[in-house]
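Given next, in structure tokens, is a single chain: the form predicted alone.
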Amino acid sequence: MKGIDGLRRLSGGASRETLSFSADGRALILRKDPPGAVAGGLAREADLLRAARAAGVPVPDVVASGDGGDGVGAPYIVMNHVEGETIARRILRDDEYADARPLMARQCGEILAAIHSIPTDATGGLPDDDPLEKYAGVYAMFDEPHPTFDLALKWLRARRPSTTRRTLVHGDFRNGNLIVGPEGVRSVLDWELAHIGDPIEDLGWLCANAWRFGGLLPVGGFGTYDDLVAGYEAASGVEVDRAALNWWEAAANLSWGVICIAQAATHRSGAVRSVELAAIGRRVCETEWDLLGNFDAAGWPS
């Protein structure tokens, strides 16, 4: 590239460095790994973005990617810059997005249908773990009892939905990882947690209360279950089991609660002293309350 100009680091993205710049008059984004990062992650993400674009998912166009041996100094992806808003509070409250909000739940359903159509062999090395048992293991590691989480594990293990579908799953599809314009969703970001699994996991994660950011509606704070499901079913041709959706929402609430415990422990241990991590740790009780709502919706553990 010639004529590189305006290189500046962007806020956010704790796990990877993100910079914006322009080259030959084109607005671009550079993401690169920090020192010590696990090798192969950004290469896999670049493959995923290319496969997603081919499947009709709105994602940034990958302009270049590499292992860092070409002078960048670390594995990297260069993507085109997509204009729009990612801050959930603004998306949910600003007048600029008033027309977008009623459209977004159905758009998300349609986009998730496209994501779940991406071939599972689009890139190598995608994990295929059981997310419930993965987070149950993390929870057990901390030896920090939370009776609501114990009840939730019992409830989730007893009610696990049966499914034969295994697709590529985004893993963190939510308000905050979407670029939004006045007409709705423009792009899907942050593919780091992509894996193979039950596609309804993505729908449930989007509906978790943590990603409503104070909005009153269950889908990202901006939409209804009916609109999300209608968009997904129309685009995929697959009927969504509402009980399975509630199960995955509960699993998302539990998973986020365990992540909150882990974040707080990282701060308390001194490994990373961070007001943000400490504040996230204080949200464990919120996820317990959310899980009690899931029990009310589908019956308490017996």
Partner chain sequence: MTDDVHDVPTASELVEAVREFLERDVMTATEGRVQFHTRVAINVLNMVQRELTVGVEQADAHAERLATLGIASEKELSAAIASGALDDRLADVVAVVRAAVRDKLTVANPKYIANSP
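Bear in mind that the values here come from a model prediction, so they are computed numbers and not experimental data. Residue numbers count along the first chain shown, from 1.
This next part talks about the form predicted in complex with its partner chain, which is not shown.
Chemist: Going by heavy atoms within 4.5 Å, which of 192-200, 71-79, 117-125, 137-145 lines up against its partner chain in the model of the complex?
Modeler: So the stretch in question is 137-145.
Chemist: Report yes if all three of 100, 226 and 240 come within 4.5 Å of its partner chain in the model of the complex by some heavy atom, otherwise no.
Modeler: Checking in the model of the complex: none of 100, 226 and 240 is within 4.5 Å of its partner chain.
Chemist: Is the gap between residue 87 and its partner chain in the model of the complex 4.5 Å or less for some heavy atom pair?
Modeler: No, no contact at 4.5 Å.
Chemist: Check residue 279 for me: does it contact its partner chain in the model of the complex (non-hydrogen atoms, 4.5 angstroms)?
Modeler: So residue 279 counts as contacting its partner chain.
Chemist: Under a 4.5 Å heavy atom criterion, is residue 296 part of the interface with its partner chain in the model of the complex?
Modeler: Although its partner chain is absent here, residue 296 would touch it in the model of the complex, with heavy atoms inside 4.5 Å.
Chemist: Heavy atom to heavy atom, is residue 130 within 4.5 Å of its partner chain in the model of the complex?
Modeler: No, residue 130 sits far enough from its partner chain in the model of the complex that none of its heavy atoms falls within 4.5 Å.
Chemist: Quick one: name the residues from 279-293 with any non-hydrogen atom within 4.5 angstroms of its partner chain in the model of the complex.
Modeler: The stretch touches the partner through 279, 282, 285, 286, 288, 289, 290, 292.
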